[in-house]
Every structure is written in structure tokens, then in C-alpha cells.
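The chain below stands alone and is given in C-alpha cells; this is the form predicted alone.
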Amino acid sequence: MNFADENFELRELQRIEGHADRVWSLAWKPGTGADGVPAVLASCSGDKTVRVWEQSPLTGSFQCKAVLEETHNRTVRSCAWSPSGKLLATASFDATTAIWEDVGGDFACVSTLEGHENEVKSVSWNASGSLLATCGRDKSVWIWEVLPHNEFDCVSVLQGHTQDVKMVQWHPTLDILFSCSYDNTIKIWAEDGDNDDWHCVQTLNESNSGHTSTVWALSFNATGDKMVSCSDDLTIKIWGSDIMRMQSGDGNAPWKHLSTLSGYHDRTIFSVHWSREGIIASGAADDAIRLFVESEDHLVDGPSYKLLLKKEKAHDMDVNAVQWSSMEENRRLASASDDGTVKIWELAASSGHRKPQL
């Protein structure tokens, strides 16, 4: 994708209000926002609720279609749609993960997953929707098998982190799980082919050019051969792996540090998300959003990345989450903040600001 010839701007399409406390996390519903299907977005908050927003075909604005409440009794920290869009998983500080089923726009809690000792911080579905991962302040990562009739069976409890686990994220095509933590590391977990047990196959830490403080989030590019992570150390790091080797069943194909982006945020970076066309968005405690793309200058020692755009004062307070729409035909970004709002943005070429050809 060549972004060199044009100037871009991040246009605010809508500021969505409704939550009564900070908004922690966002999730676009798969299969929405294209082909005449209205875009649907879920958000979760310190107000103990999850809200489902749908874009009106007439006005283009997002309206609240459902409030999922009276299930969690503390902050809802994370939300994730299953790949089919039929189920929504929500992780809460009340130590539970709730599974909601969408039946014609009405959401019912069909399962509650218990086991973590205290706050659950993140939830993630694998690509096929057959596995669910959760993590929490109890330093553990849980893997759940999705069974018929909305049953969930814990198949593994992974102990390896020495502190609060902030996020779990499945690889976009392979059943390999990634977790990041207050212990400054990213851990990569794979199933042992011999005994079906999960184990840590690699730890990315300071000794292999990793982060020097809490790792808050990570995200993958569309092909799954690169990963981006962000941290309390004010850096964004790009990692790469041999995807062909991983696809051949070698889950131990190591991830290597490729690039570090520093100096772009001056407070903790809470969220990163890689769009399908290769744009990395970051959101931070400096109330700003930054966008990065791979530089055209191909270096001998691997790819480099450059700032595409900076949006100061994207929100009035910390930006907790940034999430690109999964539909390639629109460059739509959602952000969530401590200011209690969700914002919808569109990345667009600045009108009349085309760079002169050299």
C-alpha cells in the first residue's frame, strides 16, 4: 500500500455517548459494515455494561441497539465477538466471562465462565471460533473449548507470567495464543502435539529487544507474519516470524524483533491495532491517536515504519482502545476513552493537499 503520495486526515464522523463511566474496549462485529449490512460495534465500560451500537442506513450515525447489563457487577474490561458474530464474550473485574447470544437483536447471557481468582482483563476467540482464551490479574491464562449448546470446557490453565496479564490474542490463522503482561513480557503458547497440553514456546522480553515496562496490547497484520505491541515504556515494537514455517506445523518458528517506534507518544500506550491494509493505529494516555505505515525505504536489516498521521486531543482523556473495522473497503477506526465516549473516525485523503511529484 503506497501512502507516500497523499496527505491524510483522521476525520471524526461521530462522538457516541451513552456509557456512564470510562470505556475500556471495543469490538466490531464480523460481517457487518459492507454489502448492505449495517456496521455493528460493541463497547464495554466501567459502568458494568456492554453497549451494542448499530449504524443507521439512513443517517449513517450509530445508535444504541442494546444495553447488556445486570450480569456483571463490576467493570467490563474486554469484549470480543465470535468469528460468526453470533456470540459476544465479555470479561469483567467480577472474575467472570459472560457469553451472550444475539437472537434477532436481543442479547441473552447463555453462559458464565468462572475460574479466575479475580479481575478478568481480556478475552479472545481463535479464528475458527472453537477456542476462547481469557486472562487476568491472577497471572493466569485460561483456554476454553467451545462445545455445542453454549457449553465451555476449560482445557488448560497456563501459568507462566509473574504479574497481571493484560491481554490475550489468538494468531489470526493459527491456533497459537499470545499474552502480554505487567511483567513486561509477551508469551507465546502452543499445543503440544503429543499430549494435547498447552505450553509456552517463546517469551519476548528485554533480553530479545522486548519491552522494558508493562506490555498493554498486541495486534497482527493481515497475513499473520508480523505483530505489533505497545507498552508503558512509551514504545511500539514490530515483531516478525516465518509464517510458512508456522503453517507447516512448526509452532516454534521464533518471533524476532524488527523495529521499535519511540518518541511518538509521551504517556503510556494502551492500544495498538493493525488494519487489514497495513496501517497501525495507537491510542495512549496522552489523549492522542497515531497512525503508522511501513516505510518505502527498504532497509537491509528489515522493514522500517513511519508516522502517517497524528491526532492530538482525539479524546478529552486517555485513549484506552483503537480498533479498525475489519471491512477493507472502508478506513474506519473506532476509539474508546476514559472520557466515557466512543468515537468513529475515517481515514481520508486531505482534499487539495496532494504532494507534488518530484
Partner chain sequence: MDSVVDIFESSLNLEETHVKEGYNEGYADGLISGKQEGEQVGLKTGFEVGEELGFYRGCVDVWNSAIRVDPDFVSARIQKSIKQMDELLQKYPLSEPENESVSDIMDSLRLKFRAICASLNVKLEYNGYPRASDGGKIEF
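Residue numbers count along the first chain shown, from 1. Bear in mind that the values here come from a model prediction, so they are computed numbers and not experimental data.
There is another form of the same protein, the form predicted together with its partner chain; it is not shown, and what comes next is about it.
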query: The unique member of 84, 208, 212, 118 whose heavy atoms fall within 4.5 Å of its partner chain in the predicted bound form; finding: 118
query: Candidate from 195, 223, 73, 262 lying within 4.5 Å of its partner chain in the predicted bound form - any heavy atom; finding: 195
query: Contact flag, residue 145 vs its partner chain in the predicted bound form, heavy atom cut 4.5 Å; finding: yes
query: Contact of residue 155 with its partner chain in the predicted bound form (heavy atom, 4.5 Å); finding: yes
query: Its partner chain contact in the predicted bound form: residue 114, any heavy atom under 4.5 Å; finding: yes
query: Partner proximity in the predicted bound form: residue 138 to its partner chain, non-hydrogen atom cutoff 4.5 Å; finding: yes
query: Listed range touching its partner chain, judged in the predicted bound form by heavy atoms within 4.5 Å, from 170-178, 228-236, 155-163, 268-276; finding: 155-163
